[in-house]
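Have a look below at one chain only, the form predicted on its own, in structure tokens format.
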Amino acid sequence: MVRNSLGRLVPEIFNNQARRPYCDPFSLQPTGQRASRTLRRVNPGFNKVLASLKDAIIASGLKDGMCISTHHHLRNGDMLLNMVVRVIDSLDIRDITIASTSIHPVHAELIPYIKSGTIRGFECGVNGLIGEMASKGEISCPIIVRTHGGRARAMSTGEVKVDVAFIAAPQCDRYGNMNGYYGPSACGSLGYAHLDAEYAHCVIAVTDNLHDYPVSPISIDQTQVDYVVQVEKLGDPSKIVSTTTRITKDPVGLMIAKYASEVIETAGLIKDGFSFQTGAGGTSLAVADNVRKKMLAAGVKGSFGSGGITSYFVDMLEQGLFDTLFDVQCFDLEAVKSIGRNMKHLEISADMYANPFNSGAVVNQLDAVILGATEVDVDFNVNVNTESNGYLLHNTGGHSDTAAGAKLSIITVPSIRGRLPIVRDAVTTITTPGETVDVIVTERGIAVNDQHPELKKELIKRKLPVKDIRQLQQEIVAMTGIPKPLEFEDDIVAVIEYRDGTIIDCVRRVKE
């Protein structure tokens, strides 16, 4: 074990690979060349369409110990990963690593295959029961949690080598051209799958909407697809919406949203060319609505909205408040419809969105981003991976990527959740380092990082409830009391990678 710059003890070796401890957000420089896939030749008359997933897996050459991937654009409505693993198990293939873009509660079906040895581990974030059971020591499967940009980096450097990628293609032709805009399983942007198509050794397009050649428009093209398989159903698009996508009516959330939008305005960012990202939670959407009203009142036209796109950003695009939406994944069905009809609603890859090791990611152009948290601490570090019980229940998403890239990163969080204080002396798990977090907004006050003294002074001048982070913590703890410290075993069930591949923290087995 070695102590990183944030004081966290992290492993030097995990899952049989050497790991580098986190140092800071920006200094680590990449070396070497971009990874590439093997050249191949397809002659005229070759039929890419195979009769079944089983035939495609056999044709791919998948063997024991290899790595597969899928993408999570159908989120909790995804059926493909479970389907693929069932077939892999039936072929008696073992020790598979899954390097999908995210695992959701629907994938709890994979647990028996972890126990049986079909699945060896995960190189992705996990949501739900798999993470909880790993945290309890009830299943053994090494987990490496990466940001969206971190996954793009790891695939482009060759650190993650996917042997077979299975791409859920809501509309696909017989030669492998595909998009996510149309069909019974339409999910909108296929932004996360672009990397798998580019870097996986073998790419299998799986569709429930097979068309004659050519499909148009094309998101991922025929030159990157080896085989095509038609199945009865890819998933349930209604379950893309796995969190609230309505503006909160909760008075606490509305107050937080009001304060957050005031911070953005006070920072002088609401002007022509403004760029913005929020999440899909009720408070985040309330911030977006407040910002929309301020933009309309000021006659401001922004440059772009980005990230996971919701109907609220679609409305802002259609109202002329943004020139463009950069969409790496759609968070609701209105966004799915929009990307299929509006040329200014653009699909982008996770590489373009957030990879720190390319010639410039979209997150670097963000003015403001609104982010959530399960915990924050007095050093402005943020936890989004583990809950108050210490269980690994969430992936990182673009949290650390956008916090590092944006001019102003704002964490919106209630001061108390489940009778527990949200502002801690130290978070259970560090996901996003405090040096990239600018402001923490709660209903009880606004804490500004010391690196922004002018912003703090201006907020105070506007009579907003600015408080020192430690003062805020003491006020909250005076109401809740100090929570009992969590106890952990020495066993490490997951490592949390920062976006540059260094280890910012790890998740240990909870002592029951």
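When you see a residue number, it is the position in the sequence shown, counting from 1. The structure presented is a predicted model; accordingly, all values stated were derived computationally and were not measured.
Quick note: we don't show the form predicted together with a further copy of the same chain, though the next part is all about it.
Student: State yes or no: in the model of the complex, is some non-hydrogen atom of Glu318 no more than 4.5 angstroms from a non-hydrogen atom of a further copy of the same chain?
Tutor: Glu318: no contact with a further copy of the same chain in the model of the complex.
Student: Taking a further copy of the same chain as it sits in the model of the complex, is Arg34 near enough to touch it, meaning that at least one heavy atom pair lies within 4.5 angstroms?
Tutor: Flag for Arg34 set to yes.
Student: Lys271 near a further copy of the same chain in the model of the complex, any heavy atom under 4.5 Å?
Tutor: Contact with a further copy of the same chain, no.
Student: Does the 4.5 Å heavy atom contact test between Ser140 and a further copy of the same chain in the model of the complex come out positive?
Tutor: Heavy-atom contact with a further copy of the same chain at 4.5 Å: absent for Ser140.
Student: Thinking of Gly191, Cys330 and Ser415 as one candidate spot, does a further copy of the same chain come within 4.5 Å of a heavy atom in every one of them in the model of the complex?
Tutor: No, the whole trio is out of contact, none within 4.5 Å by any heavy atom.
Student: Work out which of Val362, Ala280, Ile264, Ala373 lies within 4.5 Å of a further copy of the same chain in the model of the complex, going by heavy atoms.
Tutor: Exactly one residue meets the criterion: Val362.
Student: Asp226, Glu334, Asp289, Asp208: which sits within 4.5 Å of a further copy of the same chain in the model of the complex by any heavy atom?
Tutor: Looking at the other structure, the residue within range turns out to be Asp226.
Student: Using a 4.5 Å heavy atom cut-off, indicate which stretch of 320 to 328, 380 to 388, 436 to 444, 76 to 84 touches a further copy of the same chain in the model of the complex.
Tutor: Of the options given, it is 320 to 328.
Student: Using a 4.5 Å heavy atom cutoff, which residues in 331 to 360 contact a further copy of the same chain in the model of the complex? It's fine if the answer is none.
Tutor: If the 4.5 Å heavy-atom criterion is applied to a further copy of the same chain in the model of the complex, 331 to 360 yields Ile339, Gly340, Arg341, Asn342, Met343, Lys344, Leu346, Asp351, Met352, Pro356, Phe357, Asn358, Ser359, Gly360.
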